[in-house]
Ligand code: MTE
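So this first bit is one chain, no partners, the form predicted on its own, shown in structure tokens.
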């Protein structure tokens, strides 16, 4: 069980190290710690499948679309660090170690920090955000993410005037992530995986760092222990298994843009009027609902979030800046 409280003291500062890392001893002394008036902390994070997250509020920013099943969400994935087939992540991520886990926050900020995943879960209020997920291959899902607004973290670290973009970097560990190894099994990308947002995109209330789905900690194949979710952009912008967040002055050279800038622009907003060079983006199929014989759904501008985010791109040519 995880307990989420918004306090400013790090978990490692309020609990002796040997207790912090040993569940049994923590439980034995929890009552004594509480009686002594110590700030409430977390039970040790575990990446075991099915671990529930407590104190999660429902977000009014959620869509009312029908949820995609847990089975479909966790068995049909793009996570090229574990292979290029949709079933590879579930197959090869079973033994991935998502704990202990540190996220470094650095760059053009006043308060650089290194957060253990437990600290992030404690510092920031968690919400269930039901968002549409639209992938560039013209399929979509509706996922009940659990996470917190990225802007809460941004405000805590206080970017300076030179911070114009936020760069995200995933774990580079080819022993755990076989898709990072050279050869036919991998995607042929330069690792580690890098993504980026403009600072105002990162500050938008819809942008979250997700730590779970369906009320449980994030499954390995979906990006454990922490991933980005930007619901108006194509799914590959939602970088998984993040280990570093950097605030930078220049636009980050992201993985897919570096690999093929003709097909994967930096912004990657869902735009049905801009075709991928190898297929149309005007329609999609919803995993778990639509079949090969069903009429395709019309793709919505900004994935249906135009009312909330279109103002971010006022005056921009969205066919040029795709």
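Residue numbers count along the first chain shown, from 1. Everything numeric in this text was worked out from a predicted model, so none of it was measured.
A second form of this protein, the form predicted together with the named molecule, is not displayed here; the remarks below concern that form.
**Q** With heavy atoms only and a cut-off of 4.5 Å, decide whether residue 116 touches the named molecule in the model of the complex.
**A** Residue 116: no, not in contact with the named molecule in the model of the complex.
**Q** Quick one: is residue 78 in contact with the named molecule in the model of the complex, heavy atoms, 4.5 Å cut-off?
**A** Heavy-atom contact with the named molecule at 4.5 Å: present for residue 78.
**Q** In the model of the complex, does residue 193 come within 4.5 Å of the named molecule, counting heavy atoms only?
**A** Taking the distances in the model of the complex, the answer for residue 193 is yes, it comes within 4.5 Å of the named molecule.
**Q** Is there a heavy atom of residue 239 lying 4.5 Å or less from a heavy atom of the named molecule in the model of the complex?
**A** The answer is yes: residue 239 has a heavy atom within 4.5 Å of the named molecule.
**Q** Counting any non-hydrogen atom inside 4.5 Å, which residue from 248, 157, 130, 135 sits next to the named molecule in the model of the complex?
**A** Spelling it out, the residue with a heavy atom inside the cut-off is 135.
**Q** Which one of 96, 148, 139, 101 is close to the named molecule in the model of the complex, taking close to mean a heavy atom within 4.5 Å?
**A** Spelling it out, the residue with a heavy atom inside the cut-off is 139.
**Q** Check for me whether the named molecule, as it appears in the model of the complex, comes within 4.5 angstroms of all of 285, 299 and 303 - heavy atoms only.
**A** No: no residue has a heavy atom within 4.5 Å of the partner.
**Q** Okay, which stretch from 231 to 239, 119 to 127, 148 to 156, 199 to 207 lines the named molecule in the model of the complex, with non-hydrogen atoms inside 4.5 Å?
**A** Of the options given, it is 231 to 239.
**Q** Judged by heavy atom distances of 4.5 Å or less, which residues of 243 to 271 approach the named molecule in the model of the complex?
**A** Heavy-atom contacts to the named molecule in the model of the complex: nothing from 243 to 271.
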